[in-house]
Ligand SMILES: C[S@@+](CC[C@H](N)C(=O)[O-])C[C@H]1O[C@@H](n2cnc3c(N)ncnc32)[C@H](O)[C@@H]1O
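As C-alpha cells, one chain now follows by itself in the form predicted on its own.
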Amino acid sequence: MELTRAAFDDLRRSIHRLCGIVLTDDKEYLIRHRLEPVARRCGCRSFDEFRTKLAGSEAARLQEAVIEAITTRETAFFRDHHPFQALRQQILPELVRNRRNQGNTTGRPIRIWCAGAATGQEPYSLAILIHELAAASGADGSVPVDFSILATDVSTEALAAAKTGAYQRRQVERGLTAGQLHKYFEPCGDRWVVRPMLRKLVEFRRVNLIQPFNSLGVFDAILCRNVLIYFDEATRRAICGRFHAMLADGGWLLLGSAESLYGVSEQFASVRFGDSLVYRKTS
C-alpha cells in the first residue's frame, strides 16, 4: 500500500494529537506495519485515502482503531524486578507506617496508580506484593484492604484483557515464581486466571494521559513505567506536572528503567534504592 510523504506526516500528526505518541522520520515502517491492516479493513487502497477517512464521518471509530494499533503493550509480571524490590522493601512499608502513625485521619486507603497498565501484569504484580507484605507483617501490620490500585491505559482492548485476568503459560512463567503462580492464580483450560483476592484490589479504567485526568484524585504512589519515552518533552513536562499535583505530600513516582525526570521536572527529589532510581514529591 502506497505511503506518500504527505500521508506519513499527516498520520503521525494525527497519532500525536490522539494519544501523544511521537513518531520520528525513521518510523515509516511502523505506520505501514501497524496501520495498513486498519486501512485495508475499512476499504482503503492507499494511506492517502485512509487519512481522508480519518477526517470524515467515520473519524471517531477509526481514531480508536488507530490508537489500538499504534500503542505498545509490552509488559510482564514484576518487569525489571528492581522497582518491585524498592516497593517491597522501602516504599510500601513506609506508606503503611505513615498510615498507622497518622491514625488514618484521611479515612481513605493507600492509593496507587499504575498508568499505562497494558494487559494488567503490573497492577496484579503490585497486588501480589501487597498480599505478601500483609502476610509478612503479621497481626500488627497492614491488611490488603488498606490499599487500592487504579490501573489505567489508553487501549480498550488491553484493558479488556486485563480485566479478564487470564494469561497464557508463557506469560505467567515470565516473572512469577511457582509459589506465586499457584497461590494467586488458578488454572482454567490452557490459561491461568487471577484469583479474587487480587482482583478486589484493582480497578481498571480507560485514561488517555494527554487529556485531563486530575479528577482521578490523590495518590500515594504513581507507577508510570515505560510510557513517557513515547512522548515529546512538552507532553512529558505536562504529565509530570499533573502527577506532582495529584500525589500526596511525600508521594512516590516510579518510571521505567530508560526514563528519568532530568530536564523534565524539578518538582521531585531523586532517591536511590539499590538498583532503582525513584522520585519523591517535594513541597
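Don't overthink the numbering: it's just position in the shown sequence, from 1. Since the model is a prediction, treat every value here as computed from it, not as a measurement.
From this point on, the text means the form predicted together with this ligand, which you will not see here.
Put simply, of Lys163, Arg195, Arg88, Arg73 only one has a heavy atom within 4.5 Å of this ligand in the predicted bound form, and it is Arg73.
The partner is absent here; in the predicted bound form, the one residue of Leu201, Leu176, Leu133, Ala118 having a heavy atom within 4.5 Å of this ligand is Ala118. Residue contact check for Ser125: none of its heavy atoms lie within 4.5 Å of this ligand in the predicted bound form. This ligand is not drawn, but in the predicted bound form it has no heavy atom within 4.5 Å of Asn98. This ligand in the predicted bound form comes within 4.5 Å of no heavy atom belonging to Leu129. Among heavy atoms of Arg236, none comes within 4.5 Å of this ligand in the predicted bound form. The candidate spot formed by Ile110, Ala221 and Arg242 lies out of contact with this ligand in the predicted bound form, as no residue has a heavy atom within 4.5 Å of it. Residues of just one listed stretch (55-63, 228-236, 22-30, 40-48) have heavy atoms within 4.5 Å of this ligand in the predicted bound form: 228-236. Heavy atoms closer than or equal to 4.5 Å to this ligand in the predicted bound form belong, across 187-216, to the residues Val207, Asn208, Leu209, Ile210, ordered by sequence position.
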